Every structure is written in structure tokens, then in C-alpha cells.
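Coming up is one lone chain in C-alpha cells, specifically the form predicted alone.
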Amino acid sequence: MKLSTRGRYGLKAMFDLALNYGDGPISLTSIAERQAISVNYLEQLISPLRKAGLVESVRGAQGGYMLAKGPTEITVGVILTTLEGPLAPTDCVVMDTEEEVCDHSRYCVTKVIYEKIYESITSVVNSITLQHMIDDYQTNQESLIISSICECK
């Protein structure tokens, strides 16, 4: 499974909003500059995130976007599935109706493998929140500072 730019850039934008959580609305221009994403593309990504209730918009001169919930309440899984759809390695794993089921599903030897992959991916992305990403980022930043201090001797 490979994520598209939609999922990758959308996750970066949500991470940026999480880093600035509590600071009020953040403009798409500032997110675009920090994350190296075009403003036009960000506008396309923010719309489904807003419709899913993950982001709120504020109009006006001091307007912008902010998380609709705290970083501890938003998982990577909900962000990615909002932007990408199901994270299944094949369509047969997430087919909903009998009409959609593959003709070979009763004797498909690989479907069980695909289901396990899907369950594993889903479990991982649903266990990681934006707060986890912030914590990891801050730990990495502290490590960089410490290593640069140690190298200056």
C-alpha cells in the first residue's frame, strides 16, 4: 500500500495545526510555507477534513483553520481514511455488499493475507494520535539540540 500526496500532505497539514493548537486560527499560507505544500492543494485537502469535523474554519482578517478537537482526540487513521478512503491493500477486503464480493473470494488463498495486512495497518494508524506525533517531534528536536551541543566541544 502506498499513500498518495493527498494523505501525506493532509497529515502534514493536520500535524501543523496540532503543533499550533490553542493559538487560534492558522492561515493556509503559513501552513503551506512551513510544510512546503502549495496553498491551492491545501485548500483541496482542508475541505474534506472540515466536512469530517476534524477542522474548523474562521472567516475574516485574522481567520484561518484550527483543529475541531484536541490533538489527543484525532488519530492518523481518521485523517488518512478521510483523505484516502479505506487503507486496504485490495478492494476485496473492504467490499460491503454481496454484489461487490469477488467471484473468487470463497477459495482465494491470498484474501486472508490481505485481511491481516489491512487489520495491522488499521490498528497502527488508529493507535497514533496527533499528540503522539507532536511528542515524537519534540523528542527528536531535543535530541538534535543535544547532539549539536555535544558536537561543539
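In this text, residue numbers run from 1 along the sequence as written. The shown structure was predicted, so the numbers you read here are calculated from the model rather than taken from an experiment.
The protein also exists as the form predicted together with the DNA; that form is not presented, and the subsequent description refers to it.
Contact check for Tyr9: a non-hydrogen atom falls within 4.5 Å of the DNA in the model of the complex. When contacts are judged by a 4.5 Å heavy atom cut-off, Glu43 counts as touching the DNA in the model of the complex.
In the model of the complex, the DNA lies within 4.5 Å of some heavy atom of Leu28. Using a 4.5 angstroms threshold between heavy atoms, Lys116 stays clear of the DNA in the model of the complex. When you look in the model of the complex, the only residue of Gly70, Gly85, Gly53, Gly63 with a non-hydrogen atom within 4.5 Å of the DNA is Gly63. Using a 4.5 Å cut-off to the DNA in the model of the complex, not one of Thr75, Ser120 and Thr139 places a heavy atom inside that distance.
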